[in-house]
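First come two forms of one protein chain, each written alone as structure tokens, so that there is a structure 1 and a structure 2.
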Structure 1
């Protein structure tokens, strides 16, 4: 039985706890069992069945040598980054769902993990429960990857779908997404493309080596400028407007971008609906592969977090990526375009 700690008992942290208790017998067979010894949270959980595990001092975790793995499900930059680094330096593997920390500080945290003989794992940071990071790191590592692209943000996919199906304005579709809990009160990270940009940087780092950051993107453009007329024109021509994030290998390096595109009916991404994600990977040996599933939500994300916990408990530290980082190219390839509602969209 391995002791772990969970930092943050929100939607994802709570779902991780639920999964660990629900499937305890399964995890015992997989890795000898997992015990949630501590839950770090500043809130009061008196009356909760988890109350005896809740603490509010990170030092309790850092000083307890029996805790081998820490799951960071806090969100945000600070103190999530500081706590993760402290846990790694204390000889504890860290797994996370925090895309902001991975994109911003992942290189440093991975170096620290290697130096301390532990792992830093982040499958849940992209695509919810879709197992794409481990696939890139392991199964597709024998390929020279030429491109990674797809729908990485379910909120924007839902909004664009409602604009198409119901003729809603952007603001109306956004309000509906917020009422259903798909969009935050401040939706800027989603609708301005920043969430998708962080995710494509993480995927590019796995696919092409090194670490790519948001400032490496040639373009980050969200969906706030998509009008009902553009959506209607696309529908009339047999297209759908989708927010596409991509990292593509060009003659001069890797081109990273996030932008609304007109998706052809024959493209697999055309059929991706609601808050689902779909990630496509092109390899020189395997050709094009696709990975589809729920891109957010407590249970889907918890699946990836728990998978990383089991890996951290079961295996030796994850080695550094064998791929050497490729240069960044800010010049996008010339692509076929179509004008919709007076605005030019790339066709994919």
Structure 2
């Protein structure tokens, strides 16, 4: 039985606890069992069945040598980054769903993990429960990847669909996404495209090697400018407007972008509905592949967090990546476009 700690008992942290209790017998068979020794959260959980494990001092975790793995499900930059680094330096593997920390500090945290002989794993930071990071890191590592693109933000996909199907207002659909636990604490990260940008940078880093950051993006445009008229025009022409993130290899380097596009009916992404995400990866050997599933929500994201916990408990530290970083290109390829509601959209 391995002792772990969870930092942050919100939507994802709570679901990780639920999963660990619900499937305890399965995890015992997979890796000898996982015991949640501490839950770090400054809020009051008295009355909760988990109350006896809740602590509010990170030092308790840092000093307890029996804690081997820490799941960071706090969200936000600090103190999540500081706590993760401190745990790694204390010889504990860290697994996280925090895309902000992975995009901003991932290079440093991975370096620190290697130096300390532990792992820093972040399957849950992109695509909720979709197993795409490990697929890129392991199974597709024998390919030269030429492109990664898709729908990486469940909240905006949910909002756009509600606007299209029910004529719901932008703000009404956003409130619904928030009540379902899909949206970020500050939902502007979703609707302005920053959440999808962080995720495509993380995927590009796994696919092409090195680290790509938000400032490497050629374009980050969210859905705040998508009007009901654009949505209606798209529908009349047989398209759907969707927020597409891409990391495409061009002659001059990797082009990273996030923008709303008009998606043709024949495109796989046309059918991606509600909170679901779909990530397409093109490799020189395998050709086109796609990974689909729930991109947000507690239990789906918990599936990825727990898979990283099991990996950290059972295996050796992750080896350094074999791929070398490619140059960034901020010049987007020219693409076919269509005008919807007076605005030009790329047609994909």
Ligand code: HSE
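The shown structure was predicted, so the numbers you read here are calculated from the model rather than taken from an experiment. Under this definition, the rigid core comprises the largest set of C-alpha atoms superposing within 1.5 Å between the forms. Numbering follows the first chain given and starts at 1.
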**OP:** Return 1 or 2 according to which structure is the form predicted on its own.
**Re:** 1
Subject >> Is_shifted residue 76 between structures 1 and 2 (CA, 2 Å cut-off, rigid core) >> reply: no
Subject >> residue 173 C-alpha relocation of at least 2 Å between structures 1 and 2, rigid core basis >> reply: yes
